[in-house]
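For reference, the chain that follows is the form predicted on its own, supplied as structure tokens.
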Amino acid sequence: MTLSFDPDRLTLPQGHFIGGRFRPVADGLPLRRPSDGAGFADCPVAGADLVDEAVTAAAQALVRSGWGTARPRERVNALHRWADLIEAEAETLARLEAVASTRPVAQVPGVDVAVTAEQIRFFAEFADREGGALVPTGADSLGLVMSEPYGVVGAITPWNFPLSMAGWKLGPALAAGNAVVLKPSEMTPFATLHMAELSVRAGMPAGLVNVVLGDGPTTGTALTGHPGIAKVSFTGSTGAGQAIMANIARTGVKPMTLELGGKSPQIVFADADLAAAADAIAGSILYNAGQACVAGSRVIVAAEVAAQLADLLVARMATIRPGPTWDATTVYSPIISERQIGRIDGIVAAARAGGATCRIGGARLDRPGYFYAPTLLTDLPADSPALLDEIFGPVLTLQTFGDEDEALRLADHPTYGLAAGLFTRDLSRALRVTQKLQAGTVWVNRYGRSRDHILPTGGYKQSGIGKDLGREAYLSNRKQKSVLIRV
């Protein structure tokens, strides 16, 4: 069976998912498909009352089911059943993901769906392997550190990878014994809604996974500020993260995990395998049309090989195959919205007006929808917005350096520190530069996440607080209690 489908004939989940059932709503925010710009659905907006209902449903589900206090292996088994069902529903999830998002339908089953199921299984296995500790104290006492779930976790996910980002939030929170109220992006909610429904079909307690739809100012604010939310986990822009922190501060104090924006450098030394470096760099900015927080958008290359690397990048960036996300032959993604493609084009135009050279691209593609040509900018002044601002599109900038110190100086961004890459055959240099880079993740002679879920992800500076993935993500969904017993 081909994955290609007619977007006008696809049945979409309707409404919020609260307490194990859908709550249909008549209207909401109008949605447009990125692949052709056509309006096709509405996204309802949950206000404070509906958010309160979802939080209450989550808290009640925890009490009724004993999810957080039952034998941990029961949680493990339930989460494995859910992961199995997610994989079994891969085609349905792929179409629901592709219709509204930037993800080509052929990529979703083997990447987004598979990664989501893997993450849920990965975190499930921590449930009966991570717990409290017996700690050394005096001989007349017994010291314990007990570990407990928080209760109800509020999660907000972005539009660029809706399924796998939901897995980032739901997997560790549920494995750790919590319930979740999740708000997906208002632009891409459909696959997340179906995944939530699958949790109930897999036998997990109804109300443990709730999905409320809506925008940030209304629904997101109500969710993060709700007194019944014990912890917040968010992935999105740095500006939105700042707003969430301010909202939490106004309404109380609670722990949070924030995975925010990036402007990640890729340093290429003269001794690097330039062909392999060009493949990795081009792949990182072409994948999802550069709409990823870790996109390696700043190329910093040794001056003596800069011209050769630029030629290789241009050649690779010219090979794209754009098309609608519902066509299984499509490889190159659209931009999420008219607003976002206009922002990308404005930054590129400003860079060119400021003296930058455009080696390839620099304009919208002449086709329906929101497609932007892969773009390589060189000769940029140091204060160019193209170097400083997170573009979130298929735009690379290229700067040159003379020595290692200059490479590190150029790589150090004043705001962001999410990820970085470097390419060299010199192991000592690789280790030395890795230690000095101000980034939460560093890739050497490659770029981009693997499916090694044990590696945590999270940024330095204003790229975030806390970690997703890894043991750290599981532990961040548990709170610790110190106990001292007199013997």
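Numbers for residues come from their place in the sequence shown, where the first is 1. All values reported here derive from a predicted model rather than from experimental measurement.
Although it is not shown, the form predicted in complex with ligand NAD is what the next lines describe.
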Discussion item. Counting only non-hydrogen atoms and a 4.5 Å threshold, tell me whether W159, C293 and R449 all contact ligand NAD in the predicted bound form.
Written reply: yes
Worksheet, complete the sentence: In contact with ligand NAD in the predicted bound form (heavy atoms, 4.5 Å), from 323-331, 105-113, 261-269, 380-388, is stretch 261-269
Item to complete: State the residue from P394, G167, G154, P184 whose non-hydrogen atoms include one within 4.5 Å of ligand NAD in the predicted bound form.
Response: P184
Worksheet item: Among the candidate residues T221, S147, T92, T415, which is the single one with a non-hydrogen atom no more than 4.5 Å from ligand NAD in the predicted bound form?
Response: T221
Item to complete: Consider A240 of the chain shown here, and say whether it contacts ligand NAD in the predicted bound form, taking contact as heavy atoms within 4.5 Å.
Response: yes
Item to complete: Using a 4.5 Å heavy atom cut-off, state whether Q399 contacts ligand NAD in the predicted bound form.
Response: no
Worksheet entry | in the predicted bound form, E125 touching ligand NAD (heavy atom, 4.5 Å) | no
Fill in: Any non-hydrogen atom of I344 within 4.5 angstroms of ligand NAD in the predicted bound form
no
Fill in: Sequence-ordered residues of 228-255 touching ligand NAD in the predicted bound form, heavy atom within 4.5 Å
F234, T235, G236, S237, A240, A243, I244
